[in-house]
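Coming up is one lone chain in structure tokens, specifically the form predicted on its own.
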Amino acid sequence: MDSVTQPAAAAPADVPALDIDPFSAAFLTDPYPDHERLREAGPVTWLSRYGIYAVARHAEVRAVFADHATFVSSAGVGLANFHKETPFRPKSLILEADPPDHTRARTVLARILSPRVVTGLRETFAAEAEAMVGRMVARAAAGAVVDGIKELAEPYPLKVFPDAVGLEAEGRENLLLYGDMIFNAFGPRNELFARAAAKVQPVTAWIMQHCARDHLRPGGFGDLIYRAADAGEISVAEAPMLVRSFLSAGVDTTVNGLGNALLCLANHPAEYAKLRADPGLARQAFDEATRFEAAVQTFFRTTSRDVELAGARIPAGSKILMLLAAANRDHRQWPDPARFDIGRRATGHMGFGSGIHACVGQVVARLEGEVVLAALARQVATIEPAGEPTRRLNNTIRAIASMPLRLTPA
């Protein structure tokens, strides 16, 4: 599988040019050697294959996130420039919008997902985590090799988050297909995107149908979005689009965040032993896993004006690839960044973005990660790989399709 190369553009004279393809199968399978090349080549680099700028160091990724007026989202957070081509679907009111439109939508979602509201979910989320881990442990006690993805990382977010949104139970697997396509669409129109788009065609109508008010349980997050429309905070037409953003961004990212955390703990038994000894480290362990193996690897911005970044002169209308996962292993920011250490305070990692476009649902994602890892720590003595995990390559997400594990019940 190779990426579709964009028309070549002349390389700028003031930044290093690299022939790295961040959407190739080799890169997506093991991005870390090329992350190192990108970080060490300079604070800003030029990817010749696509004619785009790239930033892979923590300081520059953070700087691009921080200046939302110069590095805009409304032109798309993927490779495509929506100022020059038609979006493949109506633009997200959260991801692909700038103030003031973004501010209106984000204000509504931030209230719905406030820490107080999310705290009210803790008991339900924790009980479901204990039950799901318990079923997996029972299979392991009977001698089975379990699949950490199919038995925990996928079904858990597909249960608790859509429940909170108020989505009916039947057909939720469609959310995984839809999320896979959305995140593939942020890259080039390569084979990964084509395969994902072919699979998602039959479920697109299901997604939009279930964003309608009459398909959402009263009192759930989705219903609260419609109440904001009733109050005039957003338009009636914007309400189902915000529900769609919830469902497309709130499941796939957490599925893979949990999967990557499981992989980290299975591959680092000494760190899992620390978690076993103190389940109170669960949230910190999930944050370190998000730094170490970021579920969301990349996002794009587009310059609204000529700008200088770390000495590089970047013209207006330029696409800039932010390598979030590379920033998370930048030795300029983190001591010994290639070491997974649940004792590390990983505050400031780019796994949930930064600035006004930082993940609005990160409080929910962190709650899910915390209660699942804490349930594991209480019920599982050891976690070991029982074979190589199978990667699910995606242009944006670091995903795992299956992960055979051997668990020792506590």
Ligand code: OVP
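For every residue, the number given is its place in the sequence shown, counted from 1. Source: prediction; values computed, not measured.
The form predicted in complex with the ligand is left out here; the points below concern that form.
Residues with any non-hydrogen atom within 4.5 angstroms of the ligand in the model of the complex fall in just one of 136-144, 277-285, 198-206, 183-191: 183-191. Contact annotation: residue 126 falls outside 4.5 Å of the ligand in the model of the complex, judged by heavy atom distances.
The closest heavy atom approach of residue 176 to the ligand in the model of the complex falls outside 4.5 Å.
Heavy atoms of residue 92 reach within 4.5 Å of the ligand in the model of the complex, making it an interface residue. Contact check for residue 299: a heavy atom falls within 4.5 Å of the ligand in the model of the complex. For the options 304, 333, 74, 248, the one in contact with the ligand in the model of the complex, meaning a heavy atom within 4.5 Å, is 248.
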